[in-house]
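For reference, the chain that follows is the form predicted on its own, supplied as structure tokens.
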């Protein structure tokens, strides 16, 4: 029986020719399975296809487009670029497909963007501007690099050397100081010494997400070496996008496994859950609200550890050696819920679509910058679900989610309060 050499490198779209051509258009990438749903009102999972209901904006349409690109039957056009990039790459389609066909939908979508960049067509103009900002000032906003640590206040204690290194990220450093400050104060409250990177640069999330792998790889190498030079054993993040970059994308870019990183990558939700169990985190101050929690994609279904794989594809698509699929089941689902449920006064209520079935906020991975209407559409759709369950507060664990939801609330005159996980936890701690 003939076999084909194949691997998981997104640098070659032909690696995913089988996956793309075997899509049967069942729309498991669009609908949440009925076994999880009480009705049809909140039963969709794809932000792009909810925003634009032409098939080409859903994964089932993009798989046909990708197949045509591999076969040389399509040329890049402005509309084709829009279709490829109008997508938060949230992973919902990927986990939906893997319950049925085990096709690598998410990696196929990434590989299409890499091809767009290689062919000189991509990314979108807004993404190119971000890339220019990162190259010039080491942050996505183009803000002064010297201002990166201005979020620090006098009451925050930072160690010169510690086992834990807090990687703040661009957003918390420049536009959402409240998240950085709350995270640092939680670390202080649990008596956890932490240091900052001597010279923090962007993690490269947008670069990797839009297919600019060469630039993202250089940042990955630089940032990993910087952490190694500090001797830190743990890199802690309060940004979901940054967490995914360090834990999943850096290993993918460097063709190593997550387990091969010379340090452990943790999100604040993991840290808080561990500290709660150990007794160093004591949420004793009541927070009397009815709240719900939004599973940010990059710490949930996109957070399964990465392991490189290469082998052969044979009869009926079978692969050898065995490939352990990333099904979105190893994300941080229980940790934030454990912490939230431990806070006195909190009435916690789940959304209809939760955990790996959660509906993306729509802002991440370069979407909000290039397609603000898509990001707004997704956030407002999710907020309808928040209102449906009667929650007063919406908590997420990523600054991108917080900002996008907050903007949607403001535009709609909604009364839901949007908070970051770090702010909620800090509010439950006695000074």
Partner chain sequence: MAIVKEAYKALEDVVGAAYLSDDPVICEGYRSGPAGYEAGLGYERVMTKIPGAVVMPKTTEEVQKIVKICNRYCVPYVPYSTGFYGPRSHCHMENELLVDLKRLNDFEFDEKHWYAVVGSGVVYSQFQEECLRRGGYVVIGGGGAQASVIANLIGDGWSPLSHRIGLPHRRILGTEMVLPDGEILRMGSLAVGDDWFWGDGIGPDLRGLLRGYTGLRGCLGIVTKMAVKVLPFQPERLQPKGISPNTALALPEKRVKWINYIMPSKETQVKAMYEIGKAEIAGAVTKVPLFWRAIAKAECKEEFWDIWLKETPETIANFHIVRVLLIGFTSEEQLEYDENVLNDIMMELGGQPRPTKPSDESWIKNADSAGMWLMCGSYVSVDYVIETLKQATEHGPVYAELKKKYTPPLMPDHGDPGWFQSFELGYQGYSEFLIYWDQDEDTTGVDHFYLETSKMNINHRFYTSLIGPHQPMYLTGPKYGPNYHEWMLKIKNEFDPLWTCHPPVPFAHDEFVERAPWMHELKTWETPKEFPYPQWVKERLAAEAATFRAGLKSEAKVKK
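Because the structure is a prediction, the values reported are computed rather than measured. Residue numbers count along the first chain shown, from 1.
In what follows, reference is made to the form predicted together with the partner chain, a form of this protein that is not presented.
- Of the candidate stretches 50 to 58, 401 to 409, 360 to 368, 376 to 384, only 50 to 58 contains residues with a heavy atom within 4.5 Å of the partner chain in the predicted complex.
- Proximity of residue 317 to the partner chain in the predicted complex falls within the 4.5 Å heavy atom cutoff.
- Using a 4.5 angstroms limit between non-hydrogen atoms, residue 306 is distant from the partner chain in the predicted complex.
- Residue contact with the partner chain in the predicted complex: residue 200 places no heavy atom within 4.5 Å of it.
- Taking the partner from the other structure, the partner chain in the predicted complex has no heavy atom within 4.5 Å of any heavy atom of residue 110.
- Site annotation in the predicted complex: the residue of 273, 249, 104, 356 reaching within 4.5 Å of the partner chain with a heavy atom is 356.
- When you look in the predicted complex, the only residue of 342, 329, 188, 264 with a non-hydrogen atom within 4.5 Å of the partner chain is 329.
- Along 80 to 112, these residues reach a heavy atom to within 4.5 Å of the partner chain in the predicted complex: 80, 83, 95, 98, 99, 100, 101, 102.
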